[in-house]
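Starting off, we have a lone chain in the form predicted alone, written out as structure tokens.
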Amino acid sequence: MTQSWQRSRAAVLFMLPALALYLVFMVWPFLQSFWFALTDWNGATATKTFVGLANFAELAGDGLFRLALRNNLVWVVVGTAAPLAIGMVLALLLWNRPKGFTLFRTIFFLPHILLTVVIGIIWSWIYNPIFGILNIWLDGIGLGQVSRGWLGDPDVALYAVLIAAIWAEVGFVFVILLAGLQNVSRDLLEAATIDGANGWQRFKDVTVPQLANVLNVVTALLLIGGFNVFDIIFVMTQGGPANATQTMATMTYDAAFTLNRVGYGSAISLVMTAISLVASVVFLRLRERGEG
């Protein structure tokens, strides 16, 4: 036992700082959120009135929460599928390192390193109904009837913000998939070509299976991000107009810091965490079953 402890002591000592940070900044706040969700607290006074599951019961009948959940589901579906599809196409185009490879790779990845505030401001200018380049371009090609205040129209505001988010995420997906493609066997692709497989068959039956692990990780990250999206919506619309872009995260912020209902906001955050966790686990299990 002494020899075993001596061998593992260094590893334990190296892990302790990371474990301490995890406990202080992850586990403890989570436990606090769980406690707050069981109370009625305004976030300012010392008094926290215990209400049990009342916040969760109210949440179950909250129409605004159902709207926010629906918006999150739209975001998860479109905000996961679109970056994956676009990122895959870009990665395949640059797989063979054509002329200008470094330049194109930099251009495609650049939006991802911009601050969310910058992205939100840029796209707010693009969507501006008065001087926005999108409306100017539509007017210029004879589609002036399509022009509108994109972020002020409840019917299209969510999708307008979603396009901005997709633009920012594509670079991340592209770089990860491009790196994964470097491990795809060229010999298998050549063998499939000799056997008569066309381009789509080679992609579906040879390339994609070898990218399975990379696709799983990227998809899981996009799923979690879709359920927790907050920053770009807050910058561009703050959940408006008329709650058209409200999500669970923005609803949590409004409840806790605008309405001073920290307990109710904590309940929303816990439900949001549980949904994103379950969705990610289910996706990974389905992928594992499909591969098996």
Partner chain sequence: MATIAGTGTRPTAARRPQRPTNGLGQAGKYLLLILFLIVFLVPLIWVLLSAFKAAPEITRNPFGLPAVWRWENFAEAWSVGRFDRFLGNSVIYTAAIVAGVVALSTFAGYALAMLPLPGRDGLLVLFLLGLMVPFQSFMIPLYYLLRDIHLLETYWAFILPGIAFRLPFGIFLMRGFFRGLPSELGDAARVDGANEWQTFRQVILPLAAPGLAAQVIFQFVWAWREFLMPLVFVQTEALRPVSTGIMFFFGRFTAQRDLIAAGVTIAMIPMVVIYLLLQRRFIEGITAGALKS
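Under this definition, the rigid core comprises the largest set of C-alpha atoms superposing within 1.5 Å between the forms. These numbers were taken from a predicted model, which means no experiment stands behind them. Positions refer to the first chain, counted from 1.
Not pictured, yet referred to below: the form predicted in complex with the partner chain.
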query: In the predicted bound form, the residue from 191, 74, 143, 110 that sits within 4.5 Å of the partner chain by heavy atoms; finding: 110
query: Contact assignment for the partner chain in the predicted bound form, among 86, 156, 197, 206, heavy atom within 4.5 Å; finding: 86
query: In the predicted bound form, residue 136 touching the partner chain (heavy atom, 4.5 Å); finding: yes
query: Contact label in the predicted bound form: residue 33 to the partner chain, heavy atom within 4.5 Å; finding: yes
query: Contact test in the predicted bound form: residue 147 vs the partner chain, heavy atoms, 4.5 Å; finding: no
query: Touches the partner chain in the predicted bound form: residue 183 (any heavy atom, 4.5 Å); finding: yes
query: Heavy atom within 4.5 Å of the partner chain in the predicted bound form - qualifying residues of 164-183; finding: 167, 170, 172, 175, 176, 179, 182, 183
query: Threshold 2 Å Cα movement between this form and the one not shown for residue 283, core superposed; finding: no
query: C-alpha of residue 16 moved at least 2 Å between this form and the one not shown on rigid core; finding: yes
